[in-house]
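Only one chain is shown below, in structure tokens, and it's the form predicted alone.
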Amino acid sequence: MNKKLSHSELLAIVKSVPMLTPSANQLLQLTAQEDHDLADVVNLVKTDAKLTARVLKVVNSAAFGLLSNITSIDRAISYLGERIIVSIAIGDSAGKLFDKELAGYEATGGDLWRHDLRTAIAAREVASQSGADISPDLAFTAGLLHDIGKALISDYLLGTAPDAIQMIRSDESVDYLTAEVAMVGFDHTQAGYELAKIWQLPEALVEVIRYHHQPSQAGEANRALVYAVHLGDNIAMLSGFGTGADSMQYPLDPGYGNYLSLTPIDLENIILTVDSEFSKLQESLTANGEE
């Protein structure tokens, strides 16, 4: 059995993680506000020369195949849309966390980012098609960030995956969150929650990170959003893009139907949309890191 972390040890791990860049943090704060518009995003990006350069590099990458280069940041952001701008900012600011090998989950480097990106696309489609009063772009951002806690506790879960799976198989009331607590004292949602507070993320994103496996426990104001990410997370895992040993080891909360109006056909269409959009979005964001 691995040594369990105390709360102070967990906080020390969290505090060792670099802060988000000011631009990324401000962008997350801005896009969580219901009354913002794309002009606000443009004005914010213009204050960061590095982010501006990244955005222009992405929009002019081969992934989009434009006939002529875009040199105006206003046009670039209008063309790419908010979700890609947020993805660039997060990837540029916290890319090392997302690309980290999750050895404790028996996952390779980049698996976390690929899973989160699929979850983000799925959560956005759920928000768009469910009829709920949820910002699709906020659901996308929340999906990108929901599993960040795994990068914090993975090293401390090294070698525990077989024991975790055995615990789940021997007791129907146990899921991977329970196994994580048994192994190291905290689960990845608790670790992510502590990081979200240190990063001073908007409350809606904090709640998604903390409750995406237990959406009924989220505050009523953000519960529909948390359910959208919860469902998006399950869709990503169901499509074969999880983060290793814990994939499909969490129960689906059927309460999502109280907040999201989706038919089986809707869900099938969302899965198809995720599959078709993932490759292009992944390709475009890969250009963000090219030299």
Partner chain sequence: MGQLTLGVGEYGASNIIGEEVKTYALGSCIAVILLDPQTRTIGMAHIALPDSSINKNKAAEKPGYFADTAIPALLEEMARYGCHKKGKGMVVKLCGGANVMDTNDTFQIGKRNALAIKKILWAHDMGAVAEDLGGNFSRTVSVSVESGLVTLSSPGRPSWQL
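Just so you know, these numbers come straight off a predicted model, no measurement behind them. Numbering follows the first chain given and starts at 1.
Below, we turn to the form predicted together with the partner chain, even though it does not appear here.
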Hey, in the model of the complex, does R169 get a heavy atom within 4.5 angstroms of the partner chain?
-> yes
Close approach of S61 to the partner chain in the model of the complex, 4.5 Å, heavy atom | no
Mark V226 yes when one of its heavy atoms lies within 4.5 Å of a heavy atom of the partner chain in the model of the complex, and no otherwise.
-> no
How about G240: is it within 4.5 Å of the partner chain in the model of the complex, going by heavy atoms?
-> yes
With the partner chain left out of view, which of I70, A245, A32, V42 would have a heavy atom within 4.5 Å of it in the model of the complex?
-> A245
Have a look at E106, E194, D137, D92 for me and say which one sits with a heavy atom within 4.5 Å of the partner chain in the model of the complex.
-> E106
Where, among 182-190, 142-150, 93-101, 155-163, do residues come within 4.5 Å of the partner chain in the model of the complex by heavy atom distance?
-> 155-163
